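Below sits a lone chain in structure tokens, taken as the form predicted alone.
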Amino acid sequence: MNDILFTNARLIDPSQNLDASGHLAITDGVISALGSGQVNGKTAKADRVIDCKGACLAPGLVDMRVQTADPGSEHLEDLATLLNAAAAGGVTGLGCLPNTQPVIDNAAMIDSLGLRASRAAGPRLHIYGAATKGVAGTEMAELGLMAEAGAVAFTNATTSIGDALVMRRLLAYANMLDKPVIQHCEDASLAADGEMNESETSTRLGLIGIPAIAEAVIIERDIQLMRLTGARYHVAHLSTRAGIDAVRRAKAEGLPITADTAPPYFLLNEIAVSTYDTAFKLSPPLRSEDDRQAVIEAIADGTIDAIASDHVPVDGDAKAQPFGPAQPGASGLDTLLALTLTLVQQHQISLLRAFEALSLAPAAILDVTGGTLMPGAAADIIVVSPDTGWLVRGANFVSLSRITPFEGQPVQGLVDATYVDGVCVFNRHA
């Protein structure tokens, strides 16, 4: 069946500022028509008609920050479970960090992983090339060859590039390739051995603090290097008011800077750590309530462009330790949409803004497919019941990584079906 017609849908498309009842048609994997009102005779001659019964029909999510343990630690998450979890979460494209074993710092690794993902016939895997060899932060990797092989961006994954000269050269070279550089912004000397956000709470709990300024220090330095090189620069999982203010000023100046955040940084604060539950140990750490409010404000006003899952496959044994030595990170693919919709239910942002941050903006930042229901675009779409409630239970995740700081939390928003190139890669009711 090459033609599919979705009827009785609430069409959500941030690229057209569209929130209206209507229908959408797919022909040979491409969106061929959409509109409100009655379906015309030509469009109605589809091989398959799907009645959405008022559910939302929206662009699939483009999750721009996902870690995979494949290759190297497939027992934590292999490529198949990663893509299956993405599909179940409404993600049609995902940006994969290069900190695998071996590190994705050469064209051959990108070719291999890309080929395996294409054979899986699921969500699109967008691969980031390592900015430095072995993500060690000392020697620039072969950016040109990786770009030719399909790398959509360059990043040092979960550590900042601390050497300013290396960062300058990286930005200059990435600018020639017209690829963004994605930075985990945290000064290593300030954050060394840190266990949580530095505050009265960290003192009370007896945990080593990471000062919030560790984020802004790197951002401010890199903004200076952006001015020098003209490169596109992206701040990953922005979490502090000081960092947000720096990004906001740079945007006002017209610099090509973008940023994302993740649900823990707008739904949780450092008080959650008071139980010493290692599910709340993240990198960057959960911040103050003022920082959390600043993140919400920045999502609403567009200073923060995108929302990502920050999905980290974590070894249960590495979490089952005292808080200090426990591994940071948590699962995020299964919950990304529902947790973001919490901001809609709290009237912090509109549904259109939510999908802009989850789909249109990350697709634009990475120059990849997605984010629109425009006729002629690839049919990467999802059917969502935004008011359907459920409880977050890690045991029910499709991902093999089932540790979440949102365990037991009631949420609303359930993905009914996910389509990539018009092919159904997930159907909750099948």
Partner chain sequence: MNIKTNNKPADAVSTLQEGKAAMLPTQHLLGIEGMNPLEIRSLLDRGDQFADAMQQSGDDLSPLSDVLQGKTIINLFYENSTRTRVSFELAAKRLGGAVLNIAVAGSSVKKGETLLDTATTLNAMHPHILVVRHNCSGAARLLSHHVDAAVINAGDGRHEHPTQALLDALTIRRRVGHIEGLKIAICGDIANSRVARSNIHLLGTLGAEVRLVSPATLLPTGIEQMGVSIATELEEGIRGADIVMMLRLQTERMAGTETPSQREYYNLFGLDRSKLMRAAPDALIMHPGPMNRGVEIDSAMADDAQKSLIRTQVEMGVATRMACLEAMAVKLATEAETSKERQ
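Numbering follows the first chain given and starts at 1. Just so you know, these numbers come straight off a predicted model, no measurement behind them.
What comes next is about the form predicted together with the partner chain, which does not appear here.
Asks: At 4.5 Å between heavy atoms, is Glu198 in contact with the partner chain in the predicted bound form?
Replies: Answer yes; at least one heavy atom of Glu198 falls within 4.5 Å of the partner chain in the predicted bound form.
Asks: Using heavy atoms and a 4.5 Å limit, would one call Gln224 a contact residue for the partner chain in the predicted bound form?
Replies: Gln224: no, not in contact with the partner chain in the predicted bound form.
Asks: At 4.5 Å between heavy atoms, is Gly134 in contact with the partner chain in the predicted bound form?
Replies: Answer no; every heavy atom of Gly134 is more than 4.5 Å from the partner chain in the predicted bound form.
Asks: Whether Gln345 contacts the partner chain in the predicted bound form should be assessed with a 4.5 Å heavy atom distance threshold; does it?
Replies: Contact with the partner chain, no.
Asks: Which one of Ser112, Gln321, Ser350, Ser73 is close to the partner chain in the predicted bound form, taking close to mean a heavy atom within 4.5 Å?
Replies: Residue within 4.5 Å of the partner: Gln321.
Asks: Between Ile208, Ala80, Ile213, Leu228, only one gets a heavy atom within 4.5 angstroms of the partner chain in the predicted bound form; which residue is that?
Replies: After the contact test, the surviving option is Ile208.
Asks: When the partner chain is placed as it is in the predicted bound form, which of 166-174, 273-281, 238-246, 143-151 ends up with heavy atoms within 4.5 Å of it?
Replies: Only one stretch passes the 4.5 Å heavy-atom test: 273-281.
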